[in-house]
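Take a look at this single chain, the form predicted on its own, given in structure tokens.
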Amino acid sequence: MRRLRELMDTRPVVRVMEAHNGLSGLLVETCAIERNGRREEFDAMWLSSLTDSTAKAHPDIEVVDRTSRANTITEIVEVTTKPIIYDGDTGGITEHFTFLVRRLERLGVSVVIIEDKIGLKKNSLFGTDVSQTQDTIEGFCHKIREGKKAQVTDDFMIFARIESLILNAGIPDALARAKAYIAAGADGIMIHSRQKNGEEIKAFCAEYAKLDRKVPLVAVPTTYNHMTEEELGAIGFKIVIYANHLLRAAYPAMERTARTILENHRSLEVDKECMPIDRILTLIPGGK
């Protein structure tokens, strides 16, 4: 749990990849390259509600219960060591959120990120195309304060995700919420945007830098993915999350394989798309 704070103190940008089951967690744990004489790897894992729900063939509306999501965490922590950032959606009602904090802390999660929306959760990338209601500043601050009271250790963190830009409420509203959430005890701020050119995010960061009191900023550059980690770090982000990419890559590959087998009435043609059978037999430690 403590490792994420250490990374935030020592790395220019903390690089985070989503994981939705034990196998994807193991991939994030072990994937590394050599680049310019130094090792490049992911620093932590993001347990996305979108990918966890999708992997279970459920919609991303908080329909997957917390026991099921806790089981996913357990699958992952049994085979990995990297810090975990948990997508807590809205956090639920405040009284339920305090129990979530205690459960995640016991499971060894480093951070829960909750978004400042109420009612039926819909994915933020729908924006205003679907009905989404932002919580009041007072209501969300109360949830943050109660969550902070519930935690047992100083290592666990609660980050506040601001949906103002998603809902076209503007940068002034997002900044007002950031100030209030930080005052309420938020350990970090995730700012979300659907705009592809990144200008809205840059404008927010420029204003955020002027605040007297700041906490680490989190980026999820799904839409403005032309921006590099170095560029995001330069405008003020401490954590960059690749929020859904492993699952998005896996499904098309599985679909191509299934269709090819249907078309050819055999599996010979998909051999080149699949890892060798002897590798999958030894992929998981202890399998041989």
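Numbers follow the displayed sequence, beginning with 1. Since we're looking at a predicted model, the values are computed, not measured.
What follows is about the form predicted in complex with sulfopyruvate, which we do not show.
Handout entry: Listed range touching sulfopyruvate, judged in the predicted complex by heavy atoms within 4.5 Å, from 224-232, 46-54, 26-34, 246-254
Key = Partner-contacting stretch among the options: 46-54.
Practice task
Look up in the predicted complex whether Asp87 has a non-hydrogen atom within 4.5 angstroms of sulfopyruvate, and give yes or no.
Solution key: Yes, Asp87 lies within 4.5 Å of sulfopyruvate in the predicted complex.
Handout entry: Contact flag, Arg161 vs sulfopyruvate in the predicted complex, heavy atom cut 4.5 Å
Key = Heavy-atom contact with sulfopyruvate at 4.5 Å: present for Arg161.
Problem - sulfopyruvate contact in the predicted complex: Gln134, any heavy atom under 4.5 Å - result: No, Gln134 stays farther than 4.5 Å from sulfopyruvate in the predicted complex.
Practice task
Give a yes/no on whether Ser124 approaches sulfopyruvate to within 4.5 Å in the predicted complex, heavy atoms considered.
Solution key: Ser124: yes, in contact with sulfopyruvate in the predicted complex.
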